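Just one chain follows, in the form predicted on its own, and it is written as structure tokens.
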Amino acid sequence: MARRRQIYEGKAKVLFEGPEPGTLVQYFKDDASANNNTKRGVITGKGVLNNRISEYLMLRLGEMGIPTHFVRRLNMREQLVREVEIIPVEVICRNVAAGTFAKRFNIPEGQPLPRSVVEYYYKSDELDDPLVSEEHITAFGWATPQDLDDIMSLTLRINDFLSGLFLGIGIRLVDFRLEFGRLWENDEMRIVVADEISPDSCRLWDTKTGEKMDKDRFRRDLGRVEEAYQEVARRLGILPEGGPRDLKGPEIMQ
């Protein structure tokens, strides 16, 4: 397939023009960043693993009737997605105190929360992704009250499903980040899950040992980052045979 025009490049992915109108090709990089891009590195094979893991989880969500932008995986590092209008708000669902949340409220990391807590953060590297309220989101026009109702409903459904899915393979879903977009079909719009769901966007702890199996291993210099991502894929039953073989990066056509 001829390489198409690059649309956007983020910290962990590149988006290219898709083969059909209304589609994009999402390419997963091995690049890693943390602490609002102040820490950078490369996790060998991460892009291959995240592509497979996100594909698996998006397909499972689709089976549950949860709409996503995912269409199909194209190869080891690329997937075809629907083009959506991204809502500039990151949605984080927390089940257990960890990371900045634990520090903010002086709660011991690992303490279960009384109930799942959903928070919103404005997507802005320049502003360090500030925590925002529903009032901010609706006042600045990032999303409507109806959009937020849909987002909250979908987030809680996803949390219930993923928590059970991961628990079944010995993994505790501590928290996770979602992005949503508006998918326009003719004159109708619906809110769908966009971006990815992977160890880059979830905190995943082994239920027996408490060992971290996500990007916190990179953030906190814990080592064995590649092995942790591989173990998540292995438990999900989707580790590529022979391990996460690499794929040559795309050649961008001007």
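Everything numeric here is computed off the predicted structure, so don't read it as measured data. From 1 onward, residues are counted along the sequence shown.
Another form exists, predicted together with a small molecule; not displayed. Remarks below refer to it.
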Segment assignment from 24 to 32, 58 to 66, 201 to 209, 183 to 191: heavy atom within 4.5 Å of the small molecule in the predicted bound form: 201 to 209
So which of 137, 171, 151, 92 reaches within 4.5 angstroms of the small molecule in the predicted bound form, heavy atom to heavy atom? 92
Though the small molecule is not shown, can you say which of 147, 78, 129, 83 has a heavy atom within 4.5 Å of it in the predicted bound form? 129
Closest heavy atom of residue 124 to the small molecule in the predicted bound form, within 4.5 Å or not? no
Do residue 100 and the small molecule come within 4.5 Å of each other in the predicted bound form, heavy atoms counted? yes
Hey, in the predicted bound form, does residue 217 get a heavy atom within 4.5 angstroms of the small molecule? no
Considering non-hydrogen atoms and a 4.5 Å limit, does the small molecule approach residue 177 in the predicted bound form? yes
